[in-house]
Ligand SMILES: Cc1cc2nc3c(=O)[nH]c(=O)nc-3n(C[C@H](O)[C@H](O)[C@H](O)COP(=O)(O)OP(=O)(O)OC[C@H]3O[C@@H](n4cnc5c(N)ncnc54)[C@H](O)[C@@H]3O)c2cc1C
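Before any questions on how it binds or moves, here is one chain, the form predicted alone, in structure tokens.
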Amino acid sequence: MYRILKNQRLVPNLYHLVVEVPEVARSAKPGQFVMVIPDEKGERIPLNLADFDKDKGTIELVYLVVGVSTRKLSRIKPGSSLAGVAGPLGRPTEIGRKETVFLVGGCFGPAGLYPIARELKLAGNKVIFLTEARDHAYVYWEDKIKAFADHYFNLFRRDCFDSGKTLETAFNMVKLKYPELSRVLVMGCDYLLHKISTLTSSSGIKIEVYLTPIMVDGTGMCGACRVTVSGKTYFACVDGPVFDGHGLDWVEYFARRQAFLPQEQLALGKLEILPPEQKKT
């Protein structure tokens, strides 16, 4: 069993989970993910590694409460255990040297990008970091991220009528200020991944998107996370989780993301909202 040390809300609908998993912590690298099973009847949940401590044997995860399994996960108290944690999975993020890299994170994305920013900075790269959120109430870990960012800023959807145009403005601003910019890493909701990839299609700058949310099994056995990139087929879990945003077939990707939507809605409808002590006898 895998003991939970912390499981608390960071901001609305986002939770911070710390778990004792020494075998995962020892091998973890920035950009990888784990599969978490909340209880014996729970499904696998793919979650990006937000941090790891090899000495303490712990990993940190930040997750969005959206379906049945993440709702179950959010109710588990510290001191309890998870039914399963598998990992680290996926390919680590490539860490170059002497590059200027722009990291864009929304929702759970800033947490998953945090260890990547740290590794990039320690390797001698220039790190530009953008947190995209509804408003400041949804921003977290600013001080942690700023410690490894040469330039950090926020972009709030609340302040604009067209978030796409504002994202484009932010990208153009960074490109103008840092003409040597060579890579953009994007992690978060599907809208953010797609929008950044679309807005930068003619920029000539490499866009790397993290496709963890599309996974089901996480080991390449189920095939649910098949994606097409530049005409070739890959599994997001074993070949990724990061892929070229300009080469990704987004139409296919969004179709796969909706493949299990009816089952997810049915499961949510059957979920017991009240805790055991509040059920009617």
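The structure presented is a predicted model; accordingly, all values stated were derived computationally and were not measured. Each residue number is its position in the shown sequence, starting from 1.
This protein has a second form, the form predicted together with the ligand, left out of what is shown; the following refers to that one.
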Exactly one listed stretch (51-59, 66-74, 243-251, 22-30) reaches within 4.5 angstroms of the ligand in the predicted bound form by non-hydrogen atoms, and it is 66-74
Answer key: of Val101, Leu130, Leu211, Ile196, within 4.5 Å of the ligand in the predicted bound form (heavy atoms) is Leu211
In the predicted bound form, is there a heavy atom of the ligand that lies within 4.5 Å of any heavy atom of Tyr114, even though the partner is absent here? no
Would you classify Val227 as touching the ligand in the predicted bound form, given a 4.5 Å non-hydrogen atom cut-off?
no
Using 4.5 Å between non-hydrogen atoms, is Ile37 touching the ligand in the predicted bound form?
no
Near the ligand in the predicted bound form, with a heavy atom at 4.5 Å or closer, the residues from 32-55 are Phe33, Arg44, Ile45, Pro46, Leu47, Asn48
Taking the shown form as reference, the Cα pair Pro213 and Val229 shifts by 3 Å or more in the predicted bound form and sits closer
With a difference of at least 3 Å, the CA distance of Pro213 and Tyr253 in the predicted bound form shows the atoms closer
